[in-house]
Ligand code: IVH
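One chain comes next, on its own, written out as structure tokens in the form predicted alone.
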């Protein structure tokens, strides 16, 4: 658990220490308080109490804004919970000053969408505990209230994602909604379906109408999250593109639901897990125990918690929670605790709920592993879009089985807000147990010579003046000719996500940019042997061959390599399918009228289409494309007349289940190489559904739309003429 100094501003830290010293003896004598009580409760002038409560409210509100609205928390959950607890204690001691409630759910509308749906049954949060004592007290309170011993609990891993409610009517999905304020949430159905394999039809549902055992209306409650491997894949691609990595899987999952363009959501493979119920009609079909509820979810074909632990008594309960803690490093999903639920539904009903949480459930939060080390320097990384990312350079320290030397500092505002200084001893945690982040400062070790950090006003690469828009935390260098931005753009263009120029790595790009030989992607195609640094003969020959080969790279690679804001690989492929070449693409988006016509053909969201138009309306970007064409760049995007390589041209495929010989990525690559398109959802336009082992709801969808269903062997038959012609 974070110490108070890691989360409170200096004024509150001083106040806490002051009233501890002065108020201790008074409370000890008058109220008979313990040492801990005396440290937390004091007799202060009313004006100071009011100021303290106001400051705590402001601090909590600030972190609510970062967590719920921006999906960008800068303190750990433990530190946040401590702030909330302290505020609750003060308001409880001085109820006359408690004009603003502090025990609400918060507004979990991080998607930034307009709330459009009222939950049939209120979505609650969970009370939290951080110690064995608190967990045993939870069990004791329930036993005392119910007059029972050796209660049965279900213990589940706590998925670290975004709360989600999905409604099915007669077994068919109708909407997916965020928790919001617990009463009203945001409809995120489109992005959820684009980025997950959530079944649209419950297993056992009749082709039309309801089936026996399936409620007419059913709300299932769960979590949408990003698996750790997918999070690592996305961040690896961002690093190659010269972009700062995302800080936490949960934040990225929330940001994905926020996307206005479903194709962006589709490029990030989210997962969903269900573990509870909301409204259910008829109520008689709602399971009467947590164990039964999980089994029923699984029977309907919904992803749910694997291997929940069922235990009796406080000792077994604590042992099960500890077991989850030991095993969590092997989970493929992010988890920050264990959820404890009373099993029997009748007993749950007797315990009831508070305004914000059920009294029969508790989230035990694992204290994140934390290390303390010295902050040696703060460096600034400039990304290809000009955003500056501050990074803390640390005295090496072991943390979670690795040696940490660098950690995220988020942005300029948070450095100033938390008063982080070079020379401080800082606390380092792994955000999402993946990326190290500085979570606080040990101010008791700060020496007199440690000065406040002054964020530079000029870009460290090109010395241009930095700017920050009022509505954003990011600080940017707006000079597109900034050497650091040029390097990052070239790295992205030549990477495997772009035109794939083998051998052209960051070190060589840095040398070519430093000598002025390369300023744009077009300059790569002007390079000659003598332009390379001395002593790089073999490397130069290899890179020049790779550059020559890249002239005929697939069109979508050039589009993606350009780094158009809001256009990822999926969007680049969609644009390439409708375009005959780079110049044609630029002309299509040169004016609003032509762009609108293209928008009806290209499967991109409105925001992405606008970003493409803004990009190609820039004269410098138009000149770059003309330059590339003049240098002999001819992207491969045209079907070969009568050629076997384009046997699947114009055909749309969807995959479901696990294939035996091919991975999904391999099957997708083969289809696209043959001119076909691979999509995430079954629609009337789908030509083939490729069915693997464990195929889900897409089977029923394909049948409803009359889509041809084939297996892996039949896919190979479709591709066989292409193989024979090679």
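Quantities reported herein were computed from a predicted structural model and do not represent experimental measurements. Positions refer to the first chain, counted from 1.
Below, we refer to the form predicted together with ligand IVH, which is not included among the displayed structures.
- Proximity of residue 185 to ligand IVH in the predicted complex: non-hydrogen atoms within 4.5 Å are absent; the residue sits far from the partner.
- A residue is said to contact a partner when one of its heavy atoms sits within 4.5 Å of a partner heavy atom; residue 547 fails this definition for ligand IVH in the predicted complex, lying far away.
- Among residues of the shown chain, residue 125 is one whose heavy atoms approach ligand IVH to within 4.5 Å in the predicted complex.
- Looking at residue 429, you'd find every heavy atom of it more than 4.5 angstroms from ligand IVH in the predicted complex.
- Checking 156 to 164, 249 to 257, 378 to 386, 627 to 635 against ligand IVH in the predicted complex, the stretch whose residues place heavy atoms within 4.5 Å of it is 156 to 164.
- Site residues 573, 609 and 679 are none of them in contact with ligand IVH in the predicted complex, judged by any heavy atom within 4.5 Å.
- Exactly one listed residue, out of 339, 582, 409, 540, brings a non-hydrogen atom to within 4.5 Å of ligand IVH in the predicted complex: 339.
- Between ligand IVH and the residues 358, 563, 368, 199, the one pair within 4.5 Å by heavy atoms in the predicted complex involves 358.
- Residues are counted as partner-facing when one of their heavy atoms sits within 4.5 Å of ligand IVH in the predicted complex; in 168 to 186 only 179 qualifies.
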